[in-house]
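First comes one chain, alone, set out as structure tokens in the form predicted alone.
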Amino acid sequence: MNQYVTISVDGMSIDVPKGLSVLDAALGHGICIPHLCRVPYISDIGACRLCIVEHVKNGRSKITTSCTLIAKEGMVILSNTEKIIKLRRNIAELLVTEAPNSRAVQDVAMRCGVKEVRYSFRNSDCILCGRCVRSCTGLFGEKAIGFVGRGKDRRVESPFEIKSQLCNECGRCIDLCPMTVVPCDGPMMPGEERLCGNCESKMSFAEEIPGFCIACDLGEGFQCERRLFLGP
């Protein structure tokens, strides 16, 4: 029999199975915490930082990723404060600056309220979310790819930059990559990058009830299971 703990998320008291992450707990109760790098059933690493929340303890709050924060009895979580919204919006803005040619990134930026981009666009083909690496090591245990290097030289690569014999060509890494979902209007050429804004109209209802899942289409690109569960 599952043991349950009671936590508070944005003033809502919810009972969740012991050992569940705060992100899973919130999503399961219809509380929208934007996220991108999460893969269901695989351990989280908080790479994208979009799911940050304030964990209030002894009168003090600490900002942390909700996907790596395990729910504990009496925990108080704030996921939609002005501070969190501002930080999350800036993270989403940096992501869309890095990879404007990903519909998944464009959509999550829109969901985080990004209205303009203040930084220079790049056309990177990887945002180091780690979804591919974790699917390979966590789901199948093959470890055919992994992170190599540090800082600006960090990248996803196979061992010794040679296709690993451990790869069974399942294609899971490609299926989970947010870069494989191109913008609705097609790829943006160098110098033409922009915040597309095509889905801005979908956010009008969400702005009326901030913090709650409205089963929008903006999680389709990165396979938000909340949207997949609720359907269109």
Partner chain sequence: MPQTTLVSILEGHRSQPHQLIEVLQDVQDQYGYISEDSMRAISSELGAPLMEVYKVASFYKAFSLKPRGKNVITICTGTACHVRGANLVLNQAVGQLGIEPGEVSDDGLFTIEHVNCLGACALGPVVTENGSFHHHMNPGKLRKVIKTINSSGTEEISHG
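Positions refer to the first chain, counted from 1. What you see is a predicted model; the values in this text were computed from it and never measured.
We do not show the form predicted in complex with its partner chain, though everything after this point is about it.
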Just to be sure I understand the contacts: of 117, 148, 128, 87, which is the one whose heavy atoms reach within 4.5 angstroms of its partner chain in the predicted complex?
148
Residue 157, heavy atom within 4.5 angstroms of its partner chain in the predicted complex
yes
With the cut-off set at 4.5 Å between non-hydrogen atoms, does residue 91 touch its partner chain in the predicted complex?
no
Residue 161 within 4.5 Å of its partner chain in the predicted complex, heavy atoms:
yes
Would residue 99 count as a contact of its partner chain in the predicted complex, using a 4.5 angstroms cut-off between non-hydrogen atoms?
no
Looking at 106-114, 78-86, 120-128, 148-156, which stretch has residues with any non-hydrogen atom within 4.5 Å of its partner chain in the predicted complex?
148-156
